[in-house]
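Shown here is one chain on its own, the form predicted alone, set out as structure tokens.
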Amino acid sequence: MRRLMKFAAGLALPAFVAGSLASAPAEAQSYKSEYKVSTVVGVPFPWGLSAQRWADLVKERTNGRIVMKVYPGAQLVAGDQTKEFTAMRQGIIDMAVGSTINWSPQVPELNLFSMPFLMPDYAAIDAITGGEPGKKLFEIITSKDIVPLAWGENGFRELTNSKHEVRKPDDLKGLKIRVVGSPLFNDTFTALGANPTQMSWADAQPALSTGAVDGQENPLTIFTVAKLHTVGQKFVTLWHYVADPLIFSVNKQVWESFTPADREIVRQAALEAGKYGIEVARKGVTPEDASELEKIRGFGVTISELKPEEVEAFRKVTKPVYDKWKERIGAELVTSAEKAVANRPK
């Protein structure tokens, strides 16, 4: 009897091994030959650089088993960046390095980062993304069949225009300002007396060139790389009124198709790429390193660095907008962010 059991066990082991070997190629075959990664802008913007870094790290660390191709210009959604989140949920897009602003129509809580004058400095951004508010936002995104992996950064959005220096709310009256497709941006600039005009970034540059709009708001890396000084943008106002963190994310079904080991590779690569992107986005535009500002001044551009009391004047005018949107976003989440900002390292 014992001999029979040993014989049977001896047969079972090779069968198990054979079965495992047979399943391994099948599992590998379940991976796509290419995973589409959506971004709104590409290299050499920090946004595009960090997305490409993510793809490169994953390809290297999986020995080419996971190939991620970056599609800039929101081309996977025909240029409509506000549809990116929905397209990823539907599986049209596999992965994305997405803007909190562009995803806010589908995830209203992400409007948190567009609350006027909530974050006075980079430490405030870090306190929110790295604290309880950031964790809560990732939980909300996860509930919508998207797996968020890491934070990146597009930067503080500063104001530029072709008409005159802007140092007080009255200076904005009547200016046609290009804004992203978000009702909160419309409310903010309307409160300031400007004429907000929603359009995609692809349409914005021609509109600036022809004078269809007078100005726009974006991180300064966009200003330099896109050479906005060549389309009439001669005045820059540094006011840090809102910021635009980025989120490295994966469609849930795609994520679940990866082995646990590969998920960890993709996650760690996203964390590293996000950190890299933050460093690039902040390079040259901080009090410690103002080299990018000097470069912009070299183009004959006037840069207005607002004093605290000048910023407070803008904050006061937009306070009704802030209060209105605090309820829409969720008072508990906004209060949590306010506490994180108040307790940030200084």
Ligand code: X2X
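The first residue of the shown sequence is 1; numbering continues from there. Given the structure is predicted, the values throughout are model-derived calculations rather than measurements.
This protein has a second form, the form predicted in complex with this ligand, left out of what is shown; the following refers to that one.
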* Asked: Does this ligand come within 4.5 Å of a heavy atom in each of 99, 157 and 178 in the model of the complex?
  -> yes
* To do: State yes or no: in the model of the complex, is some non-hydrogen atom of residue 214 no more than 4.5 angstroms from a non-hydrogen atom of this ligand?
  => no
* Looking at the partner-bound form in the model of the complex, is residue 54 within 4.5 Å of this ligand by any heavy atom? -> no
* To do: Would you please decide whether residue 81 lies within 4.5 angstroms of this ligand in the model of the complex, comparing each non-hydrogen atom pair?
  => yes
* Although this ligand is absent from this view, report whether residue 40 comes within 4.5 Å of it in the model of the complex, heavy atoms only. => yes
* Structure fact -> this ligand in the model of the complex has a heavy atom of only one listed residue within 4.5 Å, and of 114, 233, 218, 129 that residue is 218
* **Contacting member of 93, 222, 119, 269, with respect to this ligand in the model of the complex [4.5 Å, heavy atom]** => 222
* Asked: With the partner removed from view, which of 296 to 304, 40 to 48, 315 to 323, 58 to 66 is the stretch that lies within 4.5 Å of this ligand in the model of the complex, judged by heavy atom distances?
  -> 40 to 48
